[in-house]
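Take a look at this single chain, the form predicted on its own, given in structure tokens.
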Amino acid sequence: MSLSTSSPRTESARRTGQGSVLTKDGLKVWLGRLLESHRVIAPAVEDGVLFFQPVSRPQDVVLEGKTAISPKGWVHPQTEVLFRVERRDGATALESPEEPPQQVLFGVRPCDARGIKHIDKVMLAEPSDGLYARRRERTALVGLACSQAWPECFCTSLGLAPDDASDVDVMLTLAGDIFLARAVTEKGKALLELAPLEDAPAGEPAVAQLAKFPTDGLAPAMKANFDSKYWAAVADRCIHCNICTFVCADCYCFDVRDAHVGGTVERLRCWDSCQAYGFTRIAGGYERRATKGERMRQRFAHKLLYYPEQFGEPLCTGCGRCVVACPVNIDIREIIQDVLKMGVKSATARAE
């Protein structure tokens, strides 16, 4: 739905903040007020494709469909300057990046919010990444429950739900022609103070229904089949385009490199992919994972074994973007089922 009309906010709602309903007109009013004090990042169409991007007008926000890539880049940028070094008057000057702006990621699906939470667990663990921490502190997430499921979606199989509000500051749920608005955090309550909330009857919340497939026992099955020839067989058709890690809501791996820009040296942090040759190259030029099979195994071992062992849940939210984007049809849902089947076979062989 595009937002293209507006309505005045009632004085009583402004004073009391009562109510939990936003009309579509009221949603546009709220967006306009957020734009006055925040950078608003929301789904908008560019060259015919839906992306999370800065918007300047509420009517540019599109709350139908799923974006081509997740909004993770607005908290963990694809490329960012960590610091700059330059010579000034015979001395070396170190310049830190500017403070990140106050921003709202608007219309974030539960799977994408969980992906940001997964990155938080890594980047905010002690010792935390200071630049990332400042950006997250200045970022609020306004979630949007999914009223429909796409063919590639499988969030429920990984413990999420299409209306899961665990990882957002405000959750919006479409109910008929209006939105139910619920503050989840104190940050969310402050945002909703700007919203023209109403006490009004609502229709039945529109929440997508997804079938589940089993995922229990993935980590042990991955470990039992770590040296399986299966990974080389899957990787045989991989062309190392790295699109799977680019569109992923969870992948956070990065490289750090220096770039000369005029008389300045910039230290940059840039996304990297475990599927790229050289990702684990060490001193002396030795490539730790030289074969395609080893790199393919690394991708799924990180998601289904290493991260769960450290943080207790898979590094995947079931958004299915990698399924859609992969040009050679490597499907993580099939990988999960294959690994579980191999785990059963391994357990049976050990028992015999």
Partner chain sequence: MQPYLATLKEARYITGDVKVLSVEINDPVAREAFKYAPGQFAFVSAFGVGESAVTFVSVPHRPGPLEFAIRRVGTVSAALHELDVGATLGVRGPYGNRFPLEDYRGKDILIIGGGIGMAPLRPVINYLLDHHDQYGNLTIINGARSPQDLAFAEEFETWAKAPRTRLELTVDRGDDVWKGRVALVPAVVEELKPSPANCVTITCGPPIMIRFVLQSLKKLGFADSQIVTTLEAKMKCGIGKCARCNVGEKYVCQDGPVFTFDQIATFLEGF
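Owing to the predicted nature of the structure, the values given are computational and were not obtained by experimental measurement. Positions refer to the first chain, counted from 1.
There is also a form predicted together with the partner chain; it is not shown, and the following applies to it.
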**Message:** Under a 4.5 angstroms heavy atom criterion, identify the one residue in Ala235, Ile178, Val122, Leu158 near the partner chain in the predicted complex.
**Reply:** Val122
**Message:** I need to confirm a contact call. Of Glu186, Glu204, Asp89, Asp227, which residue comes within 4.5 Å of the partner chain in the predicted complex, counting heavy atoms only?
**Reply:** Asp227
**Message:** Taking a heavy atom within 4.5 Å as contact, would all three of Lys117, Arg138 and Lys212 count as contacting the partner chain in the predicted complex?
**Reply:** no
**Message:** Quick check for you: of 273 to 281, 187 to 195, 107 to 115, 166 to 174, which stretch puts a non-hydrogen atom within 4.5 Å of the partner chain in the predicted complex?
**Reply:** 273 to 281
**Asked** Can any non-hydrogen atom of Arg321 be found within 4.5 angstroms of the partner chain in the predicted complex?
**Response** no
**Request:** Give a yes/no on whether Asp255 approaches the partner chain to within 4.5 Å in the predicted complex, heavy atoms considered.
**Result:** yes
**Asked** Does any heavy atom of Val85 come within 4.5 Å of a heavy atom of the partner chain in the predicted complex?
**Response** yes
**Asked** Quick one: does Val29 come within 4.5 Å of the partner chain in the predicted complex, counting heavy atoms only?
**Response** no
**Message:** Within 4.5 Å of the partner chain in the predicted complex, counting any non-hydrogen atom, which residues from 296 to 327 show up?
**Reply:** Arg297, Gln298, His302, Leu305, Tyr306, Glu309, Gln310
